[in-house]
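Coming up is one lone chain in structure tokens, specifically the form predicted on its own.
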């Protein structure tokens, strides 16, 4: 009887409001700081277990639970996320998420918010950080493989925070790529094949639904940086063995990559460093070499993004 009012009193922040409150210029510095804290392995900075999953076999998907506690920052959250391997032409989302923000002292719910924008923007933000740290100076050509929500968020993050002279896009359905071009604010070149899109590209973002490799190492120029975002299961892949074995591989979480990334597990490569290790100055950023950042997504990224949304929501509410 006492729990119900506490839940009803929690802020309920829908998708449109989350989108209006979350911006890359404020989000990305917080993500960079959080990645460094995670890799420090200090329990008063971040406690975050590897994501636990429940298979949804009938629907070809999984439910993931992503709790995080940041004691020094006073942030306690968890994300419930369903992700699916959708067939071509499906109109259903490949990811659906809800983020819960709690008071760590009382355990009471502070906010319930739609997790779609948080998931897409914190993922793109982490990829942007990887590019900033690992791509060669003077990078000019960005290639994006895939045209879903993550492709759009990555386009926005990379073009807002970095500078490219050319952006290329590929999708297995050309109409999807053409629709993507109409939805973004800047010029984009639609490519007819993956090879055409990535030949000579300085930075490559893979955000596909593929469960088999779509990006071959022989097409990637030496010194390019790849942000690999799709293929978030141990038997799913986007990158072939040639690319994985030639590249220096970084990850958001080493444990996460070894448990969930088919690109890492099936190729047999080792994760050289976490992105937070580079941020903390523990491991070098090999800009002159071909690099892969394998992104699985982490609860700490959701936590800092949700906390930023909540802070902005409170500030806005107090002004009214």
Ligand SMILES: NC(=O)C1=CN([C@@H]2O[C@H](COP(=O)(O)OP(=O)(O)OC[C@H]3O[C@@H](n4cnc5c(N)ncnc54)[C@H](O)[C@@H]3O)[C@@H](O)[C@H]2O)C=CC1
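A quick note: this is a predicted structure, and the numbers were derived from the prediction, not measured. Residue numbers count along the first chain shown, from 1.
Beyond what is shown, the protein has a form predicted in complex with the named molecule; the following relates to that form.
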| item | value |
| --- | --- |
| Clash verdict for the named molecule in the predicted complex, overlaid onto the shown chain (3 or more atoms within 2.4 angstroms of backbone or C-beta) | open |
| Per-stretch contact check against the named molecule in the predicted complex, the hit in 140-148, 158-166, 195-203, 106-114 (non-hydrogen atom, 4.5 angstroms) | 140-148 |
| Touches the named molecule in the predicted complex: residue 219 (any heavy atom, 4.5 Å) | no |
| Any non-hydrogen atom of residue 179 within 4.5 angstroms of the named molecule in the predicted complex | no |
| Non-hydrogen atom contact residue 171 with the named molecule in the predicted complex at 4.5 angstroms | yes |
| Residue 77, heavy atom within 4.5 angstroms of the named molecule in the predicted complex | no |
| Contact residue in the predicted complex, chosen from 99, 224, 231, 249 - any heavy atom within 4.5 Å of the named molecule | 231 |
| Heavy atom within 4.5 Å of the named molecule in the predicted complex - the one residue of 10, 296, 13, 21 that qualifies | 296 |
| Stretch 119-133 - residues with a heavy atom within 4.5 Å of the named molecule in the predicted complex | 119, 122, 123 |
